[in-house]
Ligand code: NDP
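A single chain comes next, written as structure tokens; it is the form predicted on its own.
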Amino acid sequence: MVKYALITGASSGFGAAIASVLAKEGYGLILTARRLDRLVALKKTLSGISPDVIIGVMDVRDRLAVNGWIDQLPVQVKKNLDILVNNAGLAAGRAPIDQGEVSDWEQMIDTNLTGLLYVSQAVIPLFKARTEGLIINITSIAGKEAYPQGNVYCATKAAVDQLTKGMRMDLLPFGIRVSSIAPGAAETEFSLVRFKGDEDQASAVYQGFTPLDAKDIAEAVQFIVTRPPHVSIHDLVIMPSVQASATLFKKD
């Protein structure tokens, strides 16, 4: 029997790396994102490893689209959905609170928090029907500590951190485990998206030290999913060795 993992934001970065490690663990994959070309390429790469790869364009900010997409999955896939990785998220812009772009705020809130709620609410009934399942929320060190000009992004990740704790309590009677992973500085497309395609600004973020990469976080997911059923990993904070807090680094 093939067990399935649903990964949001799977087209690149953490999501693509998590898909790769879960494929090697023998999971069927349900991969969603907004960039179809990336998903098609990832499916081609992983189809020889995973027993089944299902891809689909899904904007987590659209509740009706999320519900419709989950509903249309094959019955056998839904019956064997075992893992949800809420990975879709982003930072948009970096500015003092009074100078922030409202459109950036809305994009972060709708993606990082509301979208996670929509996907979780659509999937949880499938887990409850089986009285088992695992939800992994990708948060951030920004959810543990605020930093200058990170205001709304930090707030959304702090909300997810608290939401994870509440989900764990609410879902305990149904045998559903809930974990979170909070990465520190990680070189993916994160900064490129935050600075809206400005490669110079994005690359400057990681100068002078070795950041985490997507594989580091994927291996943490692998650790969580391979624990026996009586073990629940509640919260992992993963930092580069040169990072002691959200803002304190030892750089060359």
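A residue's number is simply how far along the shown sequence it sits, counting from 1. Every value quoted in this text rests on a predicted model; they were computed, and no experiment measured them.
Just so you know, the form predicted in complex with the ligand exists too; it's not on screen, but the next bit is about it.
Screening 76-84, 132-140, 172-180, 97-105 for residues having heavy atoms within 4.5 Å of the ligand in the predicted complex returns a single hit, 132-140. Taking the partner from elsewhere, Ala10 is found to have a heavy atom lying within 4.5 Å of the ligand in the predicted complex.
For Thr188, a non-hydrogen atom is located within 4.5 Å of the ligand in the predicted complex, even though that partner is not displayed.
Although the partner is absent here, Asp59 lies within 4.5 Å of the ligand in the predicted complex, judged by heavy atoms. Of the heavy atoms in Ala33, some are within 4.5 Å of the ligand in the predicted complex. Scanning 212-229 for heavy atoms within 4.5 Å of the ligand in the predicted complex gives no residues at all.
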